[in-house]
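Taking the form predicted alone, here's one chain by itself in structure tokens.
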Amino acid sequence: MAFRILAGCTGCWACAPLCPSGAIRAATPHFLIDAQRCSECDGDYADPQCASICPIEGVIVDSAGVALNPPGSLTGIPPARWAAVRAEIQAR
């Protein structure tokens, strides 16, 4: 099992230095996680270090495709509220 970084990655370099197994590498157009090396921080940390530092919601997912930082988890804004505000702004 391994985590994946999706295309929403901005390449901020926050995650790479924290990875205890050195599984995260820079690639074009975004960072990638080497599935062979990723330990999901099991045995090293209680929480995945890449997800704990990532500033982008929904960009790091587990092997089932579930976001480790789901929408709203970092901003505190529920996705439904954010969608309503966005719709209101676009209607102006």
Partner chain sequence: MQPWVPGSLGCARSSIPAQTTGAETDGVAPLPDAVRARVHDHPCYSEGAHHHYARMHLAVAPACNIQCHYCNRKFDCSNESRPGVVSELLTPEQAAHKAMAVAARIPQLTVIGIAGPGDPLANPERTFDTLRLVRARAPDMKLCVSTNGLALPGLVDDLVRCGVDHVTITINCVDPEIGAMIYPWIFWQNRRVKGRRAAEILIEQQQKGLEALVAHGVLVKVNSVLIPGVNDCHLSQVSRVVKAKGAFLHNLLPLIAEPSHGTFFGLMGQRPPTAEELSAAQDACGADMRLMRHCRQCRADAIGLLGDDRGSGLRLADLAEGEVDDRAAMEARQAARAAIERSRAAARPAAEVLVPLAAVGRRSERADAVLMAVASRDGTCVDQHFGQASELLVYEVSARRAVRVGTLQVEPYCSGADACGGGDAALRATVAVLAGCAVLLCAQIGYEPWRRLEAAGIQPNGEHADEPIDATLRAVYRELAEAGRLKPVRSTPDRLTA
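Worth saying up front: this structure is predicted, and the values here are computed from it rather than measured. Residue numbers count along the first chain shown, from 1. We call the rigid core whatever largest set of C-alpha positions still superposes within 1.5 Å between the two forms.
The same protein has a further form, the form predicted in complex with its partner chain, not shown here; the description that follows concerns it.
In the predicted complex, no heavy atom of S21 sits within 4.5 Å of its partner chain. Within 4.5 Å of some heavy atom of its partner chain in the predicted complex lies at least one heavy atom of V85. Of the heavy atoms in C54, some are within 4.5 Å of its partner chain in the predicted complex.
The closest heavy atom approach of A35 to its partner chain in the predicted complex falls outside 4.5 Å. Interface residues of 13-46, taken as those with a heavy atom within 4.5 Å of its partner chain in the predicted complex (partner not displayed): W13, A14, L18, Y45, A46, in sequence order. Core-superposed comparison between the shown form and the other one: the CA of A83 exceeds or equals a 2 Å shift.
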